[in-house]
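Single chain ahead, by itself, as structure tokens, in the form predicted alone.
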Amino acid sequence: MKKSVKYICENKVFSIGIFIVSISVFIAIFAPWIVPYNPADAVPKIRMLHPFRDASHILGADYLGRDMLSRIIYGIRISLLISVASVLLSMAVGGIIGLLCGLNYPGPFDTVLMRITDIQIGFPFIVVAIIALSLVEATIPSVIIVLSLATWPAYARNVRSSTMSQKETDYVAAARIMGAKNGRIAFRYIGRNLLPTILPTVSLDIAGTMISESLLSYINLGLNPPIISLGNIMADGASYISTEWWLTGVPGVVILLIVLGFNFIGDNLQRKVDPLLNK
């Protein structure tokens, strides 16, 4: 614990990342209690109110007169929920597939699943997302599942390669002698040792997934109103970008800051896990 606190204090970039992500998570959790107004309430008399012109509407109001600060707070809540959930889902699916394939290599089980993984990697994510979201309604669960398609193959391949090297170690051989089955070895022994090497990738993938979710919502393939996300807040202001740039620019800056926070954490964790990156 002391070493972790010392590392955070000594690494300014990592500390900034932790601060940004902590604030974002706090906003996401307590959004219903900290919003100044109902984000769906429209007040015509404050339509297109510019930021910092009115103390009661710090970030202004959109073309319907809805408070921008309240909408952005809820947008952070939904965008962060989708990004974290999709990465956790892809990590779980890819991790389980990678563990099972690594333990059963060589064999038909590994061959079939790895070919499926190769096919998934071969298709550009945006094409898969467009096809999938054209066939199903863009709800929060469906968007989470579609976004998880972008990252699970990488987890499967990374975990598989690490499992193939780990299963030859002495502690795995000792576990087999004691009668441990593949499932127990995979999750109780190998999986526990692989987790620290995966965590940096999780942070970076959350950042990438947030950008993907915002892009899909911006081009009207992701979440649609009344669900609020940072991407569809930007989409709402796209028609006015030439005159009222802040309608798109302010949520864009929020996305940028959150993405930078996760990238700062991921980059520094990678350097911590792999000392060769510091050379």
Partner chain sequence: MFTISLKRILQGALVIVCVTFISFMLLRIIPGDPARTMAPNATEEQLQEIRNQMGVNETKLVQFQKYISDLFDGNLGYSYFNNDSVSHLIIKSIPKTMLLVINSLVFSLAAGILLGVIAAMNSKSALDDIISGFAILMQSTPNYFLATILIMIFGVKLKMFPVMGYKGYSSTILPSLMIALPITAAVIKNIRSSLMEGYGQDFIKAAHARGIHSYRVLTRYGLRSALISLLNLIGNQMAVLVGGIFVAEWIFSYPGLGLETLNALFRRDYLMTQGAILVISSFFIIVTMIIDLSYTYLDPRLRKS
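This structure is a prediction, so every number in the text was calculated from the model and none was measured. Residue numbers count along the first chain shown, from 1.
The protein also exists as the form predicted in complex with the partner chain; that form is not presented, and the subsequent description refers to it.
Among the residues 219, 58, 42, 48, the one placing a heavy atom within 4.5 Å of the partner chain in the model of the complex is 219. Interface residue among 29, 241, 64, 34 relative to the partner chain in the model of the complex, by the heavy atom within 4.5 Å criterion: 241. Remark: residue 52 does not count among the residues lining the partner chain in the model of the complex, judged by a heavy atom distance of 4.5 Å or less. At least one heavy atom of residue 123 is located within 4.5 Å of the partner chain in the model of the complex. At a distance threshold of 4.5 angstroms between non-hydrogen atoms, residue 15 is out of contact with the partner chain in the model of the complex. The partner chain is not drawn, but in the model of the complex it has a heavy atom within 4.5 Å of residue 211. Stretch-level contact check against the partner chain in the model of the complex with heavy atoms at 4.5 Å: of 89-97, 71-79, 193-201, 133-141, the positive one is 133-141. In the model of the complex, the partner chain lies within 4.5 angstroms of at least one heavy atom of each of the following residues of 238-255: 241, 245, 248, 249, 252, 253, 255, in sequence order.
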